[in-house]
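Next up: a single chain in structure tokens, the form predicted on its own.
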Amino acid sequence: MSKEIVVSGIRSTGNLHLGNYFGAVKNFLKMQHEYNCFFFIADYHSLTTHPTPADLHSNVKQVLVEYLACGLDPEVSTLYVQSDLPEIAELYLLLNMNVYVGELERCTSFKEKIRKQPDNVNAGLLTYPSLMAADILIHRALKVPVGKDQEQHLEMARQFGNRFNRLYNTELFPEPYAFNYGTQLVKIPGLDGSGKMGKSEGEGNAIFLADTPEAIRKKVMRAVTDSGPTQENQEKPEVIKNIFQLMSVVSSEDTVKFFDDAYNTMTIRYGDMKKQLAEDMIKFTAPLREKIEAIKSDEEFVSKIARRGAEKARESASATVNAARKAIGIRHF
């Protein structure tokens, strides 16, 4: 019995940080051994908000390298760059012929984006759900790991696939649905004291897997704290909970207990705690950082992985596009 197909996109901008590592990456590493997984670096999607990137190719290469360093295995999953599959662009066009402007304009993310970038309301931004649908439907995926912010897009992918099936009297596209392992992901807070770790909150908010020891120490020592507890065993404020949460994922239980006891007895020194946290983060990320540097320096290996991924993905994509063409009535003379 063949494995169920899973498709998931990977952002093409920015390095991976600890929040990514304990979130999407950990899930991907489990999925690749249990499902027929297609993971793609979404460089087309990035153009909807950054149409003139300084060096898109280098960004894509860095993301590819970092996922390989984390353990994504191109031998058991299919890892490719979105723009290496011309079939995605063709299916995107075919789907758009039966996607209506009104439904795209009602998309929540589109409304948010036009508020944020009123001078760049481009057609790609409007048809983002169609491109995401093409990414999913091109492999006829059943499962798609998405967060809450992408659930509306996934619903639209189902809608577009069902509409295609209905209009052309076919059963080409199955209904994809949101998927996770049903477990609570580890929350990795940012260093700024609010919200989750992420590049969008500023470079200093995140610890990247490729950060040097010097960069990690500098960032951690600037992490937001308060003036300290005023009574024993008091409830920790959110900014301090964040520091302890970060420590809990990279430090030993004894280390966490030492500083927790110090907090409860009002003897904690945040400077010492941050110094320890920084060293533990450096120790945790060191093997990943070394793998990133080793893989990145091997240009031939990285190119080979990208080409092989594109070849594997195109086998599936070509079959889907050919079937879609046939259903519509497009024939070669």
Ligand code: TYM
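Basically, rigid core = biggest C-alpha set you can superpose within 1.5 Å across the two forms. This structure is a prediction, so every number in the text was calculated from the model and none was measured. Quick note: we count residues from 1 along the sequence shown, nothing fancier.
Keep in mind that the form predicted in complex with the named molecule is not shown, yet the notes after this line are about it.
With the partner omitted here, the residue from Ala210, Leu142, Val186, Val224 that has a non-hydrogen atom within 4.5 angstroms of the named molecule in the predicted bound form is Val186. Residue Ile136 is the only one of Ile136, Leu85, Leu91, Leu79 with a heavy atom lying within 4.5 Å of the named molecule in the predicted bound form. Contact check for Val146: a non-hydrogen atom falls within 4.5 Å of the named molecule in the predicted bound form.
Using a 4.5 Å cutoff between non-hydrogen atoms, Arg11 counts as a contact of the named molecule in the predicted bound form. Of the heavy atoms in Ala317, none are within 4.5 Å of the named molecule in the predicted bound form. None of the heavy atoms of Thr170 is located within 4.5 Å of the named molecule in the predicted bound form. Residues within 4.5 angstroms of the named molecule in the predicted bound form, judged by any non-hydrogen atom, belong to 127 to 135 and to none of the other stretches in 100 to 108, 127 to 135, 257 to 265, 211 to 219.
Within 4.5 Å of the named molecule in the predicted bound form, a heavy atom is found for none of Leu47, His50 and Ala306.
For the stretch 36 to 55, the set of residues having any non-hydrogen atom within 4.5 angstroms of the named molecule in the predicted bound form comprises Phe40, Ala42, His45, in sequence order. Residue displacement note: His17 has its CA displaced by at least 2 Å between the shown form and the other one (rigid core superposed). Val146 shows a C-alpha shift of 2 Å or greater between the shown form and the other one [criterion: core-superposed Cα displacement of 2 Å].
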